[in-house]
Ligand SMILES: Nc1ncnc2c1ncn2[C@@H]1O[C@H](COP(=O)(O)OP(=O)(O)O)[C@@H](O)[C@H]1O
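Let's start with one chain on its own, the form predicted alone, as structure tokens.
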């Protein structure tokens, strides 16, 4: 016990000048005793004993306060250095030190909560910026890039942070616009400029930029925000829309012109020709049926596109859908003396999907197998569980296990050069047109958009002697987020 107290006392003397303070506090008493001894009013021995008593009293009186203040000081230093320091409960005896520790704990708790809220807000703001489809840059007064969202990194590269905008962009118009905003000559700037990311000087990317100075109340190093918009996306969408309207108009114009011509003929030269009338009416009925199919497929494709961002939620059994499709197409297959053969693996997993769309997808593929297959042949439909889906070039497929459904038929070989174009709207192989095989050219486009919604994929394999196989990969579960 004595040794422990002695160690504490020695530590206090070393760290806090405790001895000097005791001597300083006892100095007035020493001077008084010296005067009393000098005037012979008090014996020297009594003066020494009395002075020693005062020193002991001061030690006993100052020791607890000094020791507790030393502990508080160490505790405050520890709080300042340790991020997750746990508040300690001291066995304090002095009211002053108790109040000091209480105040320090309250202050530390306040600033810890502030820091956590600020960190959470920063993470939240960063996450929000990263979800934005357009590139966003934050710059300081010198034009250095302080931060950028994911879209900006994809457009400009992963190493753009801490670089100056003059290093990233070569457009003088853009650099001058940024300079005007930073110099407070303008609150905001809007312009269109071109970015060249490749060595090919003709490969320019058209970019729209909005440069906005942050309000004066904003704090931090960032003083302006640059938002960019890639016109390539809009141009691509406009071209797709223009092509779609042109193709749809062309496909509808042909049967309409045929029907219109036959109506004119029936009203004039073939008015009383029963044989010609019957033949023309048959052709007109075929053309009307083709237009009806085309319009139905266009409406179906439009509906699928509107649901593109709505993930399916129901669990479905592939085997049940395949059996329904085979029953629906049985008569059409029998007309060409074709038969369906099912080859399903045991324990086939159910998938999360839209029942109606998957049925339409499989029916389109099976209908094509009949339409473009040889007479007196077999159409084999097989399905199995697979560990993953092959990657797609233009969209993100789901990760994880999937079900692969293959539709195989024996027909004319499809050259590899056609594979990527088969899913384009209105695209049809010239050989099929020459054989006068009826079709809208939208069946596989519908299949593709259904697979995009379901985060699946389509693979094609075709050989002269072994036939053609269309394999669709449907994930058991869709990913929560997609690109």
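No experiment lies behind these values; they were computed from the predicted model shown. Positions refer to the first chain, counted from 1.
This protein has a second form, the form predicted together with the ligand, left out of what is shown; the following refers to that one.
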{"query": "Heavy atom of residue 372 within 4.5 Å of the ligand in the predicted bound form", "finding": "yes"}
{"query": "4.5 Å heavy atom contact, residue 432 to the ligand in the predicted bound form", "finding": "yes"}
{"query": "Distance check, residue 428 to the ligand in the predicted bound form, heavy atom within 4.5 Å", "finding": "yes"}
{"query": "4.5 Å heavy atom contact, residue 442 to the ligand in the predicted bound form", "finding": "yes"}
{"query": "Which of 254-262, 308-316, 404-412, 274-282 lines the interface with the ligand in the predicted bound form (heavy atom within 4.5 Å)", "finding": "404-412"}
{"query": "Contact residue in the predicted bound form, from 368, 71, 171, 150 (heavy atom within 4.5 Å of the ligand)", "finding": "368"}
{"query": "Proximity to the ligand in the predicted bound form, single hit among 422, 42, 458, 59 (heavy atom within 4.5 Å)", "finding": "422"}
